[in-house]
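Shown below, as structure tokens, is a lone chain in the form predicted alone; questions about how it binds or moves come after it.
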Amino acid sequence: MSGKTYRANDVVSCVDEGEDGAMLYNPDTDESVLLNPSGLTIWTLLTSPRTIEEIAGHLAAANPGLTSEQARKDAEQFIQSVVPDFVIEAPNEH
């Protein structure tokens, strides 16, 4: 996954559930997914194209107890769980 850029799929709607996270819905596939608060943070970052490294860097900075290695694993796991229905690979703009 290294070097690839990802962004939120434009057709997906996000319903913020407050401290519980959010729900994403893709009308094209009629699929939905629940996000925990960390997932919602990543989703918000993906309004602009981001690499796994950029996502991991933000997670590590926002969570002082989180190692960079764990932040990268978390970012990769999130992306794998939502591609291609909710997050799509974007043209590499970096």
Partner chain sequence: MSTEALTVPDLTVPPTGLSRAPRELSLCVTGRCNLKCRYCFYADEMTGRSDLPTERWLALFDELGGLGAQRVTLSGGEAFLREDLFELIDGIIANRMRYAILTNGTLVSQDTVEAFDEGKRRLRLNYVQVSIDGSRAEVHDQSRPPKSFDRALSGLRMLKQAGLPVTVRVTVNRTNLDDLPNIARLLIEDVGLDGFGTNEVEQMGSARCYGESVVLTPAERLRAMDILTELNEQYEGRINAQAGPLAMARHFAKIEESLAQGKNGLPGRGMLNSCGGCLTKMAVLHDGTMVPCDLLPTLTMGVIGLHSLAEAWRSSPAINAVRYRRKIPLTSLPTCHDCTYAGFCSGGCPGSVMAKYELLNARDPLVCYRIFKGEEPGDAAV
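These numbers were taken from a predicted model, which means no experiment stands behind them. Numbering follows the first chain given and starts at 1.
The protein also exists as the form predicted together with the partner chain; that form is not presented, and the subsequent description refers to it.
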query: In the predicted bound form, Pro37 touching the partner chain (heavy atom, 4.5 Å); finding: no
query: Touches the partner chain in the predicted bound form: Glu69 (any heavy atom, 4.5 Å); finding: no
query: Any non-hydrogen atom of Gln77 within 4.5 angstroms of the partner chain in the predicted bound form; finding: no
query: The partner chain contact at Val12 in the predicted bound form, heavy atom, 4.5 Å; finding: yes
query: Heavy atom contacts to the partner chain in the predicted bound form at 4.5 Å, residues of 3-27 in sequence order; finding: Asp10, Val11, Val12, Ser13, Val15, Asp16, Glu17, Gly18, Met23, Tyr25, Pro27
